[in-house]
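This document opens with one chain alone, in structure tokens, the form predicted alone.
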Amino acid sequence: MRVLAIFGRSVAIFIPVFFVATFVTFALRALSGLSPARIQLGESATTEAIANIESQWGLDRPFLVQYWDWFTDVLHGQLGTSWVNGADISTLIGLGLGVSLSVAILALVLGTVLGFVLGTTAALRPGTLLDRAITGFVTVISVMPAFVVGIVLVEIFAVGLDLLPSGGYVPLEEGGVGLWLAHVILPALALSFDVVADVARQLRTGLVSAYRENYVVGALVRGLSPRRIFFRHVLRNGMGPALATLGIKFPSLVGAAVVTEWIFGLQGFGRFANDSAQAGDVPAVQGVLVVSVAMVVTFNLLINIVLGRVTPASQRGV
């Protein structure tokens, strides 16, 4: 019942957010002044030709009517048709999103595992040389751009050691786990550095603060073992900020990896978004924004449920 209550509260917040975000997204076409006629006919198109093309696309109807038709199509998974090539946008996004999700999920897993290990280790030895070394390390990797890390990884593992391919992508169902992992591990590592740094810093801060609480002193007085104190009390109370960080990081991993995808030759979601924006393909850009909003809303909903289930403060409604 507690999880259902958290789910209900989160949905009540995220539905209006999604509705407003889609409205703003659709309004971008009117604000941009772009038209499919300009793309198909060029700048020398006549007024009559432009009006005919826009009528074919339904752009001569009232704005709210256009928005409602588009929004109902979005709810059915239909994101429209590309102005550039007439292809179905849902299909185009699906092709690139599969690549980006493979890299983003692996980057998130690597970043979370390494971040939790480093953050926990630093929190268990606060003020020591090990703590300062970990803090310095995560500070350094937090300021390293993903494209620089990607180039270095290619030079080391693909060019120098010839252990991994330098680019390309092989779907999991075609090449199996080994070949798929060989193609996504380098871009995932390049993207995971920022996740490692943020998770480690947030977790260390949360755990150190939790160790200073009175309930930890009380648990020590009652004779509980350090292991039980850590897993039963400290970790559950101190991991909230680190989990909340993941809610922000995952969507950015999917959508903000344009440069990384260029380095590794990946036709991913970010690259599709960049190409669509440069071509002036407004329906494709709108589709990208809608999918991005949906991912942000969905992943944050999952994070809220996990927080409500794991952290005691959330269970008490704090």
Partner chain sequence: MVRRVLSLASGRLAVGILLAIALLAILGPLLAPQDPLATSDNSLTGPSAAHWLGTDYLGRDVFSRLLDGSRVSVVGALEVTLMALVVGAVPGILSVYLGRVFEWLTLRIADTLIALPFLLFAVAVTALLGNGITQAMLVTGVLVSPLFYRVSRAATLAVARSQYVEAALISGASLGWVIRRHVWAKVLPPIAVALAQTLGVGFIIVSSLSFLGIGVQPPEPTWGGLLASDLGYLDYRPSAPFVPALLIMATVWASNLLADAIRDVSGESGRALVNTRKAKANQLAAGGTA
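Positions refer to the first chain, counted from 1. Here the structure is a predicted model, which is why all the values come from computation and not from measurement. In this text, the rigid core denotes the largest set of C-alpha atoms whose superposition between the two forms falls within 1.5 Å.
Quick note: we don't show the form predicted together with its partner chain, though the next part is all about it.
Interface residue remark: residue 139 is counted as part of the site for its partner chain in the predicted complex, having a heavy atom within 4.5 Å. By the criterion of a heavy atom within 4.5 Å, residue 306 is excluded from the residues contacting its partner chain in the predicted complex. For the chain shown alone, residue 212 is a contact residue for its partner chain in the predicted complex, at least one non-hydrogen atom being within 4.5 angstroms. Although the partner is absent here, residue 278 sits close enough that one of its heavy atoms falls within 4.5 Å of its partner chain in the predicted complex.
Partner contact region in the predicted complex: 139 to 147, out of 139 to 147, 169 to 177, 91 to 99, 110 to 118, criterion any non-hydrogen atom within 4.5 Å of its partner chain.
Not one of 195, 202 and 302 comes within 4.5 Å of its partner chain in the predicted complex, counting any heavy atom. Taking its partner chain as it sits in the predicted complex, the stretch 150 to 186 comes within 4.5 angstroms of it through a non-hydrogen atom at 151, 154, 155, 159. Superposition on the rigid core between the shown form and the other one places the CA atom of residue 248 2 Å or more away from its counterpart.
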